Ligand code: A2R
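The chain that follows stands alone, in the form predicted on its own, written as structure tokens.
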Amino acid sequence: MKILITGISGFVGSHLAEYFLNTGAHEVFGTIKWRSDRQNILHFQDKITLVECDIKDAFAMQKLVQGVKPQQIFHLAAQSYVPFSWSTPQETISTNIIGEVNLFEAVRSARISPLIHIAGSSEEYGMVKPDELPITEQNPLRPLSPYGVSKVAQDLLGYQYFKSYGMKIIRTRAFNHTGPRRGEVFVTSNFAKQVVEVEKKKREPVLRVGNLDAVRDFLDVRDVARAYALALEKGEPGDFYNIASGKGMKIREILDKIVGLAGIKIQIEQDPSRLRPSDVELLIGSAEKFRKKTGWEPEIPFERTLKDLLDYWRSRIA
């Protein structure tokens, strides 16, 4: 089977590519930009086909899809860092929405009918009331960031192209996920990197943090990659599914776990620059619908996820 992963060198894209390389004789294609960091895919780069392509370039997307003619497409390329969406909302909206439209139109132009996965986000739910937990797929969408708005638009465009053109599009709304290769700007990875820098005497034993009271539902990235694959294998075109653990943790608890695993003493200081203009306080999801449809369950304990994340940074920081 020919599988196309947009944003293959990214966090989830690299794990998804690895999943397919480990589970069958698939041809895996992936998009990268000329300036993309290839660190995440270096150890299996010779087993995949990389294509330089900016998803905002409609012609390049048409050429890519026409050339590959994939049976499955996983659309992961995006501006995915929530705080960045406040400083550059135009880039977030352009990349996430126009990029997806270009993909859909490229598929239509190529006259093929692949299964298409659209990676949505729990940030689509935004402001959630305590009596609405755990969040099901029927919860209102109240996004609180330009990023969240862009993901709602991607979600609804997927539905519109399914209804208008019969395209086999399945959308997921993954809750927070982390693990090895997570970009350092993301909260768990940033904590882990700072802790390893303290371990290796690269910084004073002081951690800079943002809002530690927000509650999040975390998964291991490898469980999420497996869920994405199952979404196209067993999901219903036109439908959408939460991918979540069903358990909430304060960011403060996660920080304590990381520091505890490292076994070091450290001082915590809040950095005002790390606070968001409006933060999502509660995100705990229900994946019951997805479980019933696919049989998926999270398999990796969160303590192992955090240990692997620490070991990742230990391997990166000399």
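All figures in this text were calculated on a predicted structure; none of them were measured in a lab. All residue numbers refer to positions in the sequence shown, first residue = 1.
The same protein also exists as the form predicted in complex with this ligand; that form is not shown, yet it is the one meant from here on.
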Contact residue in the predicted bound form, from K257, K63, K56, H26 (heavy atom within 4.5 Å of this ligand) = K56
In the predicted bound form, the residue from L103, V187, A78, V195 with a non-hydrogen atom within 4.5 Å of this ligand is A78
134 to 142, 202 to 210, 112 to 120, 161 to 169: which one contacts this ligand in the predicted bound form at 4.5 Å, heavy atom to heavy atom?
-> 112 to 120
Contact test in the predicted bound form: R182 vs this ligand, heavy atoms, 4.5 Å = yes
Hey, in the predicted bound form, does K47 get a heavy atom within 4.5 angstroms of this ligand?
-> no
Partner proximity in the predicted bound form: S286 to this ligand, non-hydrogen atom cutoff 4.5 Å = no
Taking heavy atoms only, is V12 within 4.5 angstroms of this ligand in the predicted bound form?
-> yes
Hey, with this ligand in the predicted bound form, do K2, G30 and Q72 all fall inside the 4.5 Å heavy atom range?
-> no
Scan 134 to 156 and write down, in order along the chain, each residue with a heavy atom lying within 4.5 Å of this ligand in the predicted bound form.
-> Y147, K151
